[in-house]
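Here you get one chain, nothing else, as structure tokens; it is the form predicted on its own.
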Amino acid sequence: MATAPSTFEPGPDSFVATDTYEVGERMSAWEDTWRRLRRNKLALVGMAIIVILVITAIVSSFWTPYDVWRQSLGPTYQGPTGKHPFGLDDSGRDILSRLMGGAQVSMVVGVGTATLSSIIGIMLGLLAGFYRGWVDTLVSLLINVFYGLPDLLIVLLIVAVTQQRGLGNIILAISLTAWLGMARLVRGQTLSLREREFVEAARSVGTRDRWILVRHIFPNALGPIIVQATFVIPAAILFEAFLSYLGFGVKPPTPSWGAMASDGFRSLQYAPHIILIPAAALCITLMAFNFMGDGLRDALDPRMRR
């Protein structure tokens, strides 16, 4: 799977809000992060685009200008008109309506993959970093094995074996390769946080390991986790579009930006709008998530506060 262009790199200076902070100090830290994020104009632009995309995906679930499956609405390959602002495709379907439906597919895949891969990566990363020993060895071996396998091969094998191309199976297939970066990040954060004074204090009063993980270590690693999850979303959207372009994505005629681009490639010379419009939507979406991810990374980086 295509990796995000930049990731949050934890280090000894990584920002964490330790449990020694009072509630007011915790709020001040996150308020300071929001103030710093607001000064990043590109991040704000990215957030605005994402909000529009989410609204479009929600609206498309119950309304589109035309039925996304309806064909022969006009001459095939028709260019943009007042009635069809983005034109018609090779089957006479309204591209604007299908673009809205594709936004829903992209958001479901992106958010679903980020959620599932984050759950897997966080659980394994916490266990490996906290218990170390054979647990850390086993998790690290599993990560190295998956890193040595081509992402596309794993996903294609899962799709071929299950013989299912629904959104659930696609999310599961992509998540099985997307959790690696999250697991390594959480493992590194946990290795650092487990030696902090507030963890030692929790141990000294007899707090159980699972409560130390859930109530102390996980909340203090939340900032880097949010940043990493933000970069997983565009990578998953791009991978789903690539699978749909190859014909392994959602079943047609369900709209997908990758499938729309694949359909438009055959008519590129005489109807370029069919491929350019979904390609532009995909590029804008990826840039928006990357802008927001970069803004969050900078806002949560303690070195930027100096």
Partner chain sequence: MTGIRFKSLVVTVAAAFVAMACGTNGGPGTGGEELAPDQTLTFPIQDDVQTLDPGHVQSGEDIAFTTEMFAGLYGLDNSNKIINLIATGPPDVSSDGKTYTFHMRKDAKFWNGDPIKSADVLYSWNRAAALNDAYATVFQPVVGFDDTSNGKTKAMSGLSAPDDYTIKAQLTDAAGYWLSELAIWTAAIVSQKAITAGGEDSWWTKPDTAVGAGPFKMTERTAKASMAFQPVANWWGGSTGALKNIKVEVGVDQASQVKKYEASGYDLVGMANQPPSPDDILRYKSDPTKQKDENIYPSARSTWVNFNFTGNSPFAPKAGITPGNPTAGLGQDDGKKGRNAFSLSIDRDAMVDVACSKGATCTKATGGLIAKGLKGYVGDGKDPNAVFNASTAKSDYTAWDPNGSKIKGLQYRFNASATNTKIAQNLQSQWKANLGINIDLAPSDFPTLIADRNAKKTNLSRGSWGADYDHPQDWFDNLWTCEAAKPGHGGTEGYCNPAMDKNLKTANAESIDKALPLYQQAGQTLIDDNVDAVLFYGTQTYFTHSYVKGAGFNSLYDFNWQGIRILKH
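As the structure is a prediction and not an experimental result, all values here were calculated from the model. Numbering follows the first chain given and starts at 1.
Form predicted together with the partner chain: not shown, discussed below.
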Does any part of Asp90 reach within 4.5 Å of the partner chain in the predicted bound form? Heavy atoms only, please.
yes
Indicate whether the partner chain has at least one heavy atom within 4.5 Å of a heavy atom of Pro80 in the predicted bound form.
no
For Trp69, is any heavy atom within 4.5 Å of the partner chain in the predicted bound form, or not?
yes
I'd like to check something about Arg266: if you look in the predicted bound form, is any of its heavy atoms closer than or equal to 4.5 Å to a heavy atom of the partner chain?
yes
At 4.5 Å by heavy atoms, is each residue in Gly74, Pro252 and Tyr270 next to the partner chain in the predicted bound form?
yes
Out of the stretches listed (252-260, 276-284, 56-64, 32-40), which one is close to the partner chain in the predicted bound form, meaning heavy atoms within 4.5 Å?
252-260
Sequence-ordered residues of 201-225 touching the partner chain in the predicted bound form, heavy atom within 4.5 Å:
none
